[in-house]
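This document starts with one chain, in the form predicted alone, laid out as C-alpha cells.
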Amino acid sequence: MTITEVSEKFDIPQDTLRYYERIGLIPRVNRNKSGIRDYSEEDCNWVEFIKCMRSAGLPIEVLIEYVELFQQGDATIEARKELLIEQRKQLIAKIEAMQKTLERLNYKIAVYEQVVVEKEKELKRSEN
C-alpha cells in the first residue's frame, strides 16, 4: 500500500505517518524501486496498533520503547509485557477518573433539568 492509501485507511495524515516512522514509532517501511514507501500488511498492523494506543492516551515515548523492545526479539517478551501491564494500570486509573467526571456531569445536568421543570411549572401556574 502507498502512504496515501494507508493515510486514508487509518485516517492518519501522511505527515504523521512519516513522523511516526522517523522517530521509530513504527518500524522502518520498505520502499519500492522508485523510493516510495510500500506498506506491507505487517506495517499496517503497526500503524493500527499505534493509532489505537495513542487514542487511548499512551505516551509516544512508551510506544517507542515498546517498538525498540519488539525489534530486539523474543528476549524482550517479558519486558514488553510489563510495559503493557503498567500502561494498562494507568489507563484503568484514567478511565475511573473519567467515570467520576461523567457522573458529576450527569448530576449537574440533572440539576439543570430539574430547574427547567420547576420553571415550566411556575410559568404554567402564573398563566392560570
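Predicted model, so just to flag it, every value in this text is computed and none were measured. Sequential numbering from 1, following the sequence displayed.
Only in words, not in the display: the form predicted together with another copy of the chain, which the text now covers.
Although the partner is absent here, Glu48 is a contact residue: one of its heavy atoms lies within 4.5 angstroms of another copy of the chain in the predicted complex. By the criterion of a heavy atom within 4.5 Å, Tyr39 is excluded from the residues contacting another copy of the chain in the predicted complex.
The closest non-hydrogen atom of Glu113 lies within 4.5 Å of another copy of the chain in the predicted complex. In the predicted complex, at least one heavy atom of Glu78 sits within 4.5 Å of another copy of the chain. Residues Asp74, Ile77, Glu78, Arg80, Lys81, Leu84, Ile85, Gln87, Arg88, Leu91, Ile92, Lys94, Ile95, Met98 are the members of 74-98 with a non-hydrogen atom no more than 4.5 angstroms from another copy of the chain in the predicted complex.
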